[in-house]
Ligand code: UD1
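There is one chain below, alone, in structure tokens, taken in the form predicted on its own.
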Amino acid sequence: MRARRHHHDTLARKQALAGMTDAPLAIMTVFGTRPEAVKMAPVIQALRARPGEFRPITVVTAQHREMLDQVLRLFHIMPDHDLNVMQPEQSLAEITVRALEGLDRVLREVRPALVLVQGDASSTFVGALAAFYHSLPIGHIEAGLRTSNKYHPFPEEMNRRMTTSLADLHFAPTAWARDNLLREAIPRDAIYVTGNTVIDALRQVAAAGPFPPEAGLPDLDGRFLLVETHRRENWGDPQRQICLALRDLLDRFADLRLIFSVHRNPVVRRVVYGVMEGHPRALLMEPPDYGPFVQLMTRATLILTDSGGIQEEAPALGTPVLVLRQTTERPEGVAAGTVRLVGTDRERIVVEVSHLLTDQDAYRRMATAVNPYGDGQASRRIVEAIRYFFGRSSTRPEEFGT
């Protein structure tokens, strides 16, 4: 009852903010990392496509400076407000405080009708918290993902849970995510099953490729593993075990190469370079721009990652993914057979990769499994849901998967 009453209170607030007029609604998007930017970009584009109805306001925390900026360039997004919170080896507390203070200043200046946040980064929770402090409606894109372990992934699991408690509109990518929200007493009419916007972005970028030589891509012929790791719970010894397993695999398969996109965080880089540097078939490269990275994912034999977004993207490209984590908030891929959880144990990683490199039937089953995460229409559904929420449409958008 309390959750439903809160939702009705929010409806009254948003109607007052919108002024019940036909003027364009100011919709603020808040994000700070590359994955957030990739997944938010199609939504910003969809809002821009309706200039008579929406006035998008883009705010970036720049939690990841360089990696964020290249996505903004790719999708031709110029932030209206850049908080520039990035500092070397910043702590979670420092990110939170600087982002919250910056957003508070922006929201005092700009009173949007709705604040949109995406995913589970620190910018996500802080963006929702700042909007709540200003009594503004909040929309959460990619809502309802859960592992039920507050330290895996850390701090993302709690970021998304706390964002859920603040949000008024919940854009769940799948029916599984919707059901998680329903179990937490989120009103059914506040949830929209949209698919994941990353598939919208991926299709757009893949259609623009291939990328020219100046994109900095290495030779993509032959078999190679593509690796990307950055999760805080894998810092230290887990990261070292992953790297030792990769060396074991290169020693076992003479035709195999490794392309490691090394995250810019010094904590990650010290371990990766300490173990992997010098191997003749291991290329340690700076994180490529998103477009070239899509091309790498397309051509890779296997992807090993602790990333969340790659679990959604790679299956759409037909590339099997081994997840270097103990849990995943995206079990749909595991159930569909597009991804497999392998953790960070050195021996298990070697066994799982070796199996897929030597068993053609097992590899083919993963490569041809159906991607459960989207159809390229998630951003359209989100915009239609916003129109419905503000009374600009009388029709609730159809759900992904129906």
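One-based numbering along the sequence shown. Being a predicted model, the structure only gives us computed values, none of them experimental.
In what follows, reference is made to the form predicted together with the ligand, a form of this protein that is not presented.
*Among 353 to 361, 32 to 40, 47 to 55, 367 to 375, which stretch sits within 4.5 Å of the ligand in the predicted bound form, heavy atoms only?*
Residues of 32 to 40 come within 4.5 Å of the partner.
*Contact residue in the predicted bound form, from Arg223, Arg264, Arg252, His279 (heavy atom within 4.5 Å of the ligand)*: The option sitting close enough to the partner is Arg264.
*Ok, Asp168, Glu329, Asp200, Glu156: which has a heavy atom sitting within 4.5 Å of the ligand in the predicted bound form?*
Answer to the contact question: Glu156.
*Does the ligand get within 4.5 angstroms of any non-hydrogen atom of Glu66 in the predicted bound form?*
Answer yes; at least one heavy atom of Glu66 falls within 4.5 Å of the ligand in the predicted bound form.
*asked:* Against the ligand in the predicted bound form, would Arg240 count as a contact residue? Criterion: heavy atoms within 4.5 Å.
replied: Although the ligand is absent here, Arg240 would stay clear of it in the predicted bound form, with no heavy atoms inside 4.5 Å.
*Would you check, heavy atoms only and a 4.5 Å threshold, whether Arg257 touches the ligand in the predicted bound form?*
Taking the distances in the predicted bound form, the answer for Arg257 is no, it never comes within 4.5 Å of the ligand.
*asked:* Is it the case that Glu89, even though its partner is missing from this view, gets within 4.5 Å of the ligand in the predicted bound form, heavy atoms only?
replied: Output for Glu89 is yes: heavy atoms within 4.5 Å of the ligand.
*Is any part of 105 to 144 within 4.5 angstroms of the ligand in the predicted bound form by a non-hydrogen atom, and which residues would that be?*
Read in sequence order, the residues that approach the ligand (within 4.5 Å, in the predicted bound form) are Asp120, Ala121, Ser122.
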